[in-house]
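Have a look below at one chain only, the form predicted on its own, in structure tokens format.
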Amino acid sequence: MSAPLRNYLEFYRDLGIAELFVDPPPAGEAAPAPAPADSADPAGQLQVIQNDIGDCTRCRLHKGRHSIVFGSGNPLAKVVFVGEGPGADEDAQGLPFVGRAGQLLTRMIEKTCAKEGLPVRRNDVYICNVVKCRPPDNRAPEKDEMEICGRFLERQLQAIAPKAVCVLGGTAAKALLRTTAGITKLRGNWQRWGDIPVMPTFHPSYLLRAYNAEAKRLAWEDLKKLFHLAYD
């Protein structure tokens, strides 16, 4: 079974539809071949995924949300950043990483690339989260919430097919990499999601704390590895 077909079947299963029926072709006509996925149109594929999410009520997170925060950036990005979930600012604006942590992430991306001589700015990458709705009181997403929304995240990564992914923080790392290891152990060490290299690093919200100067330095080193792999 192809990945696109599997994703669509999982989508209908999430809606509670257990069986799908297809009318047979008229007598004498061959059944049409399934249309191949258009791997040359990531933007179109992302729009299909966003349409499939719709006004999602698949898990409890929809009850308190203001916006579904799908993701933003360049559909042809060489690098995708994956966070945990939207916060209050993101929920209000419908965009990922626009609050204080997002502003720090922007500086990290642009200053790292400027120092390394790479012409990369925030709008050149793609940024999204494991869950698309804000968890109440900014709690960590629960396992079932991440499993439901994680299917859409995986489809986003398949559509973009970046050269590298950066997971921000332990929750995102555990969700995407299916690991129980903490971010302190994982960060700075290349992992893989399928054929795509993954660099785990600290979440920007963690780096905002005054006592984390050393963690900030380490995160900058992680981003240097990330961007040189993707752009060299």
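Note that this is a predicted model, so its numbers are computed, not measured. Residue indices: 1-based, along the sequence shown.
Beyond what is shown, the protein has a form predicted in complex with uracil (URA); the following relates to that form.
*Asks:* Among the candidate stretches 71-79, 112-120, 88-96, 158-166, which one is within 4.5 Å of uracil (URA) in the model of the complex when only heavy atoms are counted?
*Replies:* That would be stretch 88-96.
*Asks:* Is there a heavy atom of K174 no more than 4.5 Å from a heavy atom of uracil (URA) in the model of the complex?
*Replies:* No, K174 sits far enough from uracil (URA) in the model of the complex that none of its heavy atoms falls within 4.5 Å.
*Asks:* Although uracil (URA) is absent from this view, report whether H203 comes within 4.5 Å of it in the model of the complex, heavy atoms only.
*Replies:* H203: yes, in contact with uracil (URA) in the model of the complex.
*Asks:* Does any residue in 52-83 get within 4.5 Å of uracil (URA) in the model of the complex, counting heavy atoms only, and if so which ones?
*Replies:* The stretch 52-83, when checked against uracil (URA) in the model of the complex, contributes only G83 at the 4.5 Å heavy-atom cut-off.
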